[in-house]
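The chain below stands alone and is given in structure tokens; this is the form predicted on its own.
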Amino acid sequence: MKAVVVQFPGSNADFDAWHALSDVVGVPTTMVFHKETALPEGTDLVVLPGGFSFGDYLRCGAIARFSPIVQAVRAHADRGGYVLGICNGFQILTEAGMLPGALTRNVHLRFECRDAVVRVDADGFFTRGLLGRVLRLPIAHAEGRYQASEDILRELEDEDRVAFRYVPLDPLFAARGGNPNGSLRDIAGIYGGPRRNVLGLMPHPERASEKLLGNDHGRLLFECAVRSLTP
């Protein structure tokens, strides 16, 4: 298995993702700058990391979607390759049309930087064997409120593509049912397409991948990816 982490101007979780993949779960991982037009040969997984690409001007991810590398990422996904968009990466995927819906301002208009509790609600490349597990993962966003039309929400539900939901186990968010940003149907992450090879999620699994840091729940997602691609 070979992975790539894409760096955009303003990315701030790129090295976190590289470390989780390379040092924690042992996946050969390369950094690729957003101006590149092709992915390294043999790439299996592409990670679009968290941060504030291009300063979040216009909308989060709205400028990054035009970066040359995004066309290569799209082609990779169309071939069945795997893509993980974390926080700003999720925003970029929706802006690029690789995932449906949009990430908008948190309902209370505040930046949320703390742990959130999510439940794994769909099986897939990054969640195989984790269905029903409750995970504590860090969040750090001001535009994490997932919104979509009723038709898209119904499609996501009918096709079992809601990968993660916020759940009311954290007293910090109890008044909002556990939902830190007002996302419709408590959505924290979704799979894209019938092959479920594209995942976008707002929480940061790469920042919760080592017990040394007090929490390794996020490591489970990367281990799932490794198992899924191991013959």
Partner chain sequence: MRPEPAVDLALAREHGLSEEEYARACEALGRTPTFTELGVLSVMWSEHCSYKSSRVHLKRLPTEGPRVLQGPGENAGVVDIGDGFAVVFKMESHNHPSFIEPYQGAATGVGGILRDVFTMGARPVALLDSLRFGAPEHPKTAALLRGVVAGIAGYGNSIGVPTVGGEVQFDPAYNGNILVNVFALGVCRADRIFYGRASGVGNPIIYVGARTGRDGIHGATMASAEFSEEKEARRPTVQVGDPFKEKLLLEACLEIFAEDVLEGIQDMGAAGLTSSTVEMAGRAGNGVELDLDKVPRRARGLSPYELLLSESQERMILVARAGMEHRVLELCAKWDLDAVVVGRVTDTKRFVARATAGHDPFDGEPTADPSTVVCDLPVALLTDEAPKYTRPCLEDPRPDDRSVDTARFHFDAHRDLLELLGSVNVGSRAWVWRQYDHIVRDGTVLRPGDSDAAVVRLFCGDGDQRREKFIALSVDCNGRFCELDPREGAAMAVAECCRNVACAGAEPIGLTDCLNFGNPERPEVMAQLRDAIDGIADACRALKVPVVSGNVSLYNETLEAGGVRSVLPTPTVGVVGLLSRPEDARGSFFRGDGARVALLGMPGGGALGGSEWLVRRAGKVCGAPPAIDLEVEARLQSFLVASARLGLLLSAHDCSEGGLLVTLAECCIGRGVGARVALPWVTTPTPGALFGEDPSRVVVSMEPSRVDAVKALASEHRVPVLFLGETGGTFLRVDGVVELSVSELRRRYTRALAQLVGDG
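Positions refer to the first chain, counted from 1. This is a predicted model, so every value here is computed, not measured.
Quick note: we don't show the form predicted in complex with the partner chain, though the next part is all about it.
Is it the case that C113, even though its partner is missing from this view, gets within 4.5 Å of the partner chain in the model of the complex, heavy atoms only?
Residue-level check for C113: yes, a contact with the partner chain.
Is R219 close enough to the partner chain in the model of the complex to count, meaning some heavy atom within 4.5 Å?
No, no contact at 4.5 Å.
Looking in the model of the complex, any heavy atom of F66 within 4.5 Å of the partner chain?
Close contact is absent here: in the model of the complex, F66 is far from the partner chain, nothing within 4.5 Å, heavy atoms only.
May I ask you to state whether E223 is within 4.5 Å of the partner chain in the model of the complex, using heavy atom distances?
E223 lies outside the contact set for the partner chain.
Could you tell me which one of A72, L153, A140, A102 places a heavy atom within 4.5 Å of the partner chain in the model of the complex?
None of the others qualify; the residue that does is A140.
Using a 4.5 Å heavy atom cut-off, which stretch among 158-166, 192-200, 31-39, 178-186 contacts the partner chain in the model of the complex?
After filtering at 4.5 Å, what remains is 31-39.
Scan 191-218 and note down the residues that get a heavy atom within 4.5 Å of the partner chain in the model of the complex; none is a fine answer too.
If the 4.5 Å heavy-atom criterion is applied to the partner chain in the model of the complex, 191-218 yields E206, R207, E210, L212, L213.
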